[in-house]
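Take a look at this one chain, the form predicted alone, written out in structure tokens.
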């Protein structure tokens, strides 16, 4: 049997991390088993459709290396792969169910349903459709249909007994049938509901493994009733736990941690994100943490999926990202970091290549880069407390003396390169019998205004250029003199 999995997103906006992980797991399993991975666009809810969202799905998946064997843009033997283009398929199947007594026409108006819902809520009950239209005779139904009265088609769920099915992750799941509602299969506009189209399409596309979020655990008995009513084989179910921010909170749009695009815009690498996301809810069974996509395919096993919520630890992701950045080929890093340098250094003569050499091992997330290098564009305000350093036995007075000492040395540097600055300064320090740190610490503070910088005094002086370095050094001397 050929394994066939599918990812069936709704084009309602950006790609949620939970959805991306679902796509990833479906892709990994299909590739591991030598099967097919299908992309289907489920756009039956036209009210929630967002223009351009389908392209976002394509771009996100392909950008992450998740390619499909069949889908809207690549075709395949089970198309079309967009549900709205399959609209004519669904009503005949719903009518088959009506004929079998597994579904029925419902003519209740929105107002009537709202009234019954309000009455149930007033009693503290959960509203469930009461099968009112099941009592209509065949003649009454035909008369209403002939009169053009709007209708939906509902499935006829049993009200007694239990429904049980097996899930790869959660084991045997049992639900009382009296909790199942007669969900709508065909809406008043003739479009199928998500739930109904999902079953029809999974069957017609030969889906063998339905891998989706655990929010569908309680709906699955209704899907199985449909499969059984048609006499179709029920697929293998693999329900995935929710991706959580912590043990209590889901990822949220408000906090900017729900969507794939949020992280890309912040400067996380897609390779790091996919690698980490794969481990949120699955483990390889060994100590490995870093995987290429091919290695994930090789290692993936649906029986190692967790049934506890997957915690998306931002600190761990950031650590992953930093490791990936450090392993980037330098030219790739330079190309990636340049736009982030430009945010604060555009228009300056900063040597981006040298700055990138200093920054690559210090970069955790690219959106932090501008603040780390902003001092090169504009000297920040800083407190004289920065000149205190117990290890260097430095304080503002000592700093003043050492900066006065180094000023003429820097003025005498013939060619402003990192090497000549280094050689001239180190030679002068040695000749004067001073300690390196006692001079270099206050010099770096004086020209950067920061306790932590990418590179030391020589690198910073070179990046700033002679004119800016001397300007900042003189300003620091004036500031220290005023407070001496």
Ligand code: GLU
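Please read all numbers here as calculations on a predicted model, not as lab measurements. Positions refer to the first chain, counted from 1.
There is another form of this protein, the form predicted together with the ligand, and it is not shown here; the text below is about that form.
With a 4.5 Å cutoff on heavy atoms, residue 480 does not count as touching the ligand in the predicted complex; it lies far away.
Contact annotation for residue 9: at least one heavy atom lies within 4.5 Å of the ligand in the predicted complex.
Contact check for residue 70: no non-hydrogen atom falls within 4.5 Å of the ligand in the predicted complex. Put simply, residue 212 is close to the ligand in the predicted complex: some heavy atom of it is within 4.5 Å. Only one segment in the set 240-248, 191-199, 97-105, 394-402 has any non-hydrogen atom within 4.5 angstroms of the ligand in the predicted complex, and it is 191-199. Of the listed positions (127, 324, 382, 216), a single one reaches within 4.5 angstroms of the ligand by any non-hydrogen atom in the predicted complex, namely 216.
Contacts to the ligand in the predicted complex (heavy atom within 4.5 Å) from stretch 30-50: 42 only.
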